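Two forms, one chain: they're shown below as structure tokens, one block per form, named structure 1 and structure 2.
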Structure 1
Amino acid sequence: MSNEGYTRLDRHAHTAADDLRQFTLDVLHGLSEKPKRLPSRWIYDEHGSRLFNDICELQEYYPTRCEAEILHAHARDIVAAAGAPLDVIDLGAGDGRKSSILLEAASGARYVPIDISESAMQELVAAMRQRHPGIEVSGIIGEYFDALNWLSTRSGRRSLVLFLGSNIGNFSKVQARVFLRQLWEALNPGDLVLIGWDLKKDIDLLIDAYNDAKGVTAKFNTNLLARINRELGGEFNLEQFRHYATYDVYSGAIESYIVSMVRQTVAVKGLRTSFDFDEWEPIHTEYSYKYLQADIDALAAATGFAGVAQYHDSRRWFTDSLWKVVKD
């Protein structure tokens, strides 16, 4: 581990340069496709991670407040159910503000945040060491699937894996099932996972949460183009693109897009190429799937987990599942 308190763990990349190479390939691939798409993981550079923290403060963005309420009410029970010695492993940890509520009840545990955003990790490790002096913090920079590989190499300590903030909603329903099965495989019997799910609810509430009045979510989403400009020599004029988020009632997902408002050709010097956009052509950037309790229960049953507890906020807009790994 480095002095900063975190290590790098990338499947495709072992250095920041390799990370850049992967970003380059994903941009070339995604903007050459029809319909165009860019993976949402690339939103999270230093700017994107900060903007997501700002989103968490927005009046319209209820998930963070709902999940914080759940953790304040149940942190002790969750930690007690896990036992000791405990590793709290936080997948896609972000700024860890909610994980911190849980760590208040987990003295003596080790905290292992895993995130692709190096800037988020730097700030997180420093903040957690200060907030929780009794807890060893040892972060990992890596992608979710690298985290699974890392998890499968360890034994001896009980794991409580956090997958909070509706991170699972960024997977399609099939991807979520495959991911959860791989998570189950990587863990030992008796290990626990705590997963945050955003529940289906009034559609206007859902749409407002991804279309805030201050335009922070718009900046967050279009940070993808700003990042291409910064890191790959892109010439995107952000004034000519807009954020658009809508809810698909059939799939149950908020779908986020960046839409070109004019017909244009945009050069990306680092790729030595340019991309044509039609007037009103979208780039798909993110899914955020919403769930029913029955879907959640079915996923546990299909992937080998046994339900330990199901927690809700007072409005029942969000839920956290505590599941145990069962293997016989």
Structure 2
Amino acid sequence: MSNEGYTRLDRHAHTAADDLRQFTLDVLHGLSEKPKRLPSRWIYDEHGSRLFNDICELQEYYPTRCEAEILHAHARDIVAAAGAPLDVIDLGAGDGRKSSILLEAASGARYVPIDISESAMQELVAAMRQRHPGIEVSGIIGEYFDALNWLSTRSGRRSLVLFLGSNIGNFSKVQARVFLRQLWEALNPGDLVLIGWDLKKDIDLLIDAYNDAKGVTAKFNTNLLARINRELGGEFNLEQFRHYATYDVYSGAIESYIVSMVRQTVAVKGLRTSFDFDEWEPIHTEYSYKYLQADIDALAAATGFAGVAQYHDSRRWFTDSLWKVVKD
């Protein structure tokens, strides 16, 4: 590790040009499909990330508060179950605020965030060093599983892997199972994971969390079109599109869309093409799957983990699962 506070896995050097190239291909592919779709990952440019931070402060958006309540109440129990010496490995750390709650109880631990973006890593390392001057910060720039495999042969410590904030909900149930199995394969016996899950609950409560009264979530979702305009020379008139989110009772997922309110053709100069939209035609942007406890337990059993503890907020709207890696 360098004085920068992170290690770069050279074969995964990732640049802004790489991002733009992939963004271009994803837009061309997604808007050429029927039905149209765009990956939610592209909402999170600098502007989109600020909007998401604003969403986390909204009254309607309960998951952030629920998980913070859980971590404040159980951080010491979680760290004690993991033992020492400990690497706290953070997948999808964001600004690190929730991870910081655990680190306050993890004296002597090493904090290891993993991210493919060097600029995001630089910001996070600086912030966490300031918040926790007594904790070693040793980030890794690379893909999640490559970084975990690299670390598992070098660390000599038990790992506690964090995948918080109901990020698992952005995967389909099949994708979640594959992700968790890959996570199991990348870790050593006795390592632990802490995973956040948004639970099934009153449907109106779920829908309101993705359709806030101030319209922040709408701005967040349509930031995808604004980003196409900024980076690819798109000519989307955002006044002619609207955000729409609904709950599918069969799949158990909130589904988010951007809907064209008129029949129109939109040029994207950077792609040297244009895309036709029918009146009220949607672009799918995101799934957010909700879970029952039985679903969570079944995923643990199917992917090689043993349950250690289950932590809930006071209203039982959200849960964090602490699982241990079991290998024969």
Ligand SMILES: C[S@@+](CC[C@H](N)C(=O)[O-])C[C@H]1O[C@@H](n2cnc3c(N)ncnc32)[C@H](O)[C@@H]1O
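Between two forms, the rigid core is defined as the largest C-alpha subset superposing within 1.5 Å. Structure 1's sequence is the ruler for residue numbers, which start at 1. As the structure is a computational prediction, the values presented were derived from the model and not from experiment.
Note that the form predicted together with the named molecule is the one shown as structure 1, not structure 2. Relative to the superposed core, residue 120 undergoes a C-alpha shift of no less than 2 Å between structures 1 and 2. In this overlay on the rigid core, residue 138 has a C-alpha that sits 2 Å or more away from its partner position between structures 1 and 2.
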